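Shown here is one chain on its own, the form predicted on its own, set out as structure tokens.
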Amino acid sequence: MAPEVLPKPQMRGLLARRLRFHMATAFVLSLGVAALYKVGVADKRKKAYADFYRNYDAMKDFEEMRKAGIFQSVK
């Protein structure tokens, strides 16, 4: 029985090949996370602000704060 010869490991260009793979993977994952953040957080936040300011009356809020005595210069 002849001993099996192990293939030589590839050493030349190993870092470049692995780096190319990991950079592509990181790019795809970062795009995915950015898209999930936009859909999950930014769009909901934008809708919440739009809903709040749709019916917001600044003068009514000011009068309530004035009556509560928050402002010192306005009586």
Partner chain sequence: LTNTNITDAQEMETIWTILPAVILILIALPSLRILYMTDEINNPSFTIKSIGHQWYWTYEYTDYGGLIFNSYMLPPLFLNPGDLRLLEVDNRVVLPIEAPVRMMITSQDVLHSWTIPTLGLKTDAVPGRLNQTMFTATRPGVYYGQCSEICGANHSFMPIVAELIP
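Source: prediction; values computed, not measured. Numbering follows the first chain given and starts at 1.
Beyond what is shown, the protein has a form predicted in complex with its partner chain; the following relates to that form.
At the 4.5 Å threshold, heavy atoms of residue 61 reach its partner chain in the predicted bound form.
A residue is said to contact a partner when one of its heavy atoms sits within 4.5 Å of a partner heavy atom; residue 68 fails this definition for its partner chain in the predicted bound form, lying far away. Residues 19, 52, 53 are the ones in 17-53 with at least one heavy atom within 4.5 Å of its partner chain in the predicted bound form, listed in sequence order.
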